[in-house]
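First comes one chain, alone, set out as structure tokens in the form predicted alone.
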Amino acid sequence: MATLYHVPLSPFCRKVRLSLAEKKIEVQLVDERYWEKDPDFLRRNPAGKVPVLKIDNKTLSESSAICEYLEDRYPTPSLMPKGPGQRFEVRRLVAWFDDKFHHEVTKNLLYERVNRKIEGSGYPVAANVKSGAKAIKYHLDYMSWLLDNRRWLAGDSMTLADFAAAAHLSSLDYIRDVDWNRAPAVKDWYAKIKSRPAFRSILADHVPGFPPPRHYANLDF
């Protein structure tokens, strides 16, 4: 069985969890307090970041590299299209959410509201929270535009791009920071993706001190 060292609300860990579950790869989840810089964990990943996946007698780090390894090693069901242009679009959107969305939204909302308390690093910085709350509106509008022209974010089939986006939004939905009424198309997309069996463990997450809203695990909101 594979082992994933993770943090429950980390969108990068959730992206890997979704890929593993969609491909029906059994995995043991191990909560990792990476901010404590445990020597054993640093030996697994000197970068000191989660996720870290142990599989096939290998120790893998960096979420996008892990997901691409899983795609190459376990190609069915496929989460990447075949054409080079389509594959580029998937990778572009994965980078969009893991870089731009992460820095403009996730860090300013999730990390301020949750990570600071868990890590004992102080109180939320109000200016950062305000910036994140403003930025998420822009990103929801961009996702709405994509979904007005496509069945899924990157095209006609569900891909890693959808998992990357859903990983971030599910973490933010856990702390009530997504205004679903602003983007009905995104809400419909999210309802569709979170109804998949691969999403079950994500919806079962519970972080002590941070109870999720009632709608969080409700497939119909």
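Heads up: residue numbers just count along the shown sequence, starting at 1. Everything numeric in this text was worked out from a predicted model, so none of it was measured.
Keep in mind the form predicted in complex with a small molecule is missing from the figure; the text below concerns it.
- Residues within 4.5 angstroms of the small molecule in the predicted bound form, judged by any non-hydrogen atom, belong to 42 to 50 and to none of the other stretches in 192 to 200, 159 to 167, 42 to 50, 178 to 186.
- In the predicted bound form, no heavy atom of Phe101 sits within 4.5 Å of the small molecule.
- In the predicted bound form, at least one heavy atom of Tyr34 sits within 4.5 Å of the small molecule.
- When the small molecule is considered in the predicted bound form, Glu62 lines it closely, a heavy atom lying within 4.5 Å.
- Taking non-hydrogen atoms only, Phe97 never approaches the small molecule to within 4.5 angstroms in the predicted bound form.
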